[in-house]
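Only one chain comes next, encoded as structure tokens, the form predicted on its own.
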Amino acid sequence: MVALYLAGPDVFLPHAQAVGAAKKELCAAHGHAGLFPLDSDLPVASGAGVATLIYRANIAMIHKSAAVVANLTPFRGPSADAGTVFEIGYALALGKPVFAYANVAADYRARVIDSHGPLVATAAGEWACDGMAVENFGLHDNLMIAESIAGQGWEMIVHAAPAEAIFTDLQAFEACLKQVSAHFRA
């Protein structure tokens, strides 16, 4: 069985353990062992000491995994969860393959417009209301995120899940597991 670290903002759901269990069941059905960030026996509390324990536990799981499957569904803004993006970079730096999916189909530019309002077009490019340029490459997220997935030879799975299920719909996740299986069979 190939161990997969399951990165994503799913851990913030009120029923995160159930979502993690469902993902781990799908992993097992595809011949993999899912490692969900909440699998560690850590205290349910907050504070700097707990933050350090969570960080170390997640890093240990990434090291233990053969690959990472990342949920890049936009989280609290137009882009992916910052912690998930860190985990992608960390895994890539270790030489581990990273597979990714998102349950929102709109590209990054469209999501910036949705969150920041209309863009101002100038000869130098498009600018958001905050006075900053907006990437317009037709990619699902910031080019460093999108290209890190594409640069490995596979595409990010993008699925338009219903709004009420963007963090619980597992169709794109399962399609990602099929990519993982094909990669490790090769």
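Since this is a predicted model, take the numbers as computed values, not measurements. Quick note: we count residues from 1 along the sequence shown, nothing fancier.
Same protein, other form: the form predicted in complex with a further copy of the same chain, not shown, and the subject of what follows.
Across the proposed site, A3, V104 and D107 without exception lack any heavy atom within 4.5 Å of a further copy of the same chain in the predicted bound form. Though a further copy of the same chain is absent from this view, in the predicted bound form it lies within 4.5 Å of a heavy atom of just one residue from L143, A160, V120, A28, which is L143. Though the partner is left out of this view, D130 does reach within 4.5 Å of a further copy of the same chain in the predicted bound form, counting heavy atoms only. When contacts are judged by a 4.5 Å heavy atom cut-off, M61 does not count as touching a further copy of the same chain in the predicted bound form. Taking the partner from elsewhere, A21 is found to have every heavy atom lying beyond 4.5 Å of a further copy of the same chain in the predicted bound form. Remark: A51 counts among the residues lining a further copy of the same chain in the predicted bound form, judged by a heavy atom distance of 4.5 Å or less. For the partner-free chain shown, F75, R76, G77, P78, S79, D81, A82, G83, V85, F86, E87, I88, G89 of 67-89 come within 4.5 angstroms of a further copy of the same chain in the predicted bound form, judged by any non-hydrogen atom.
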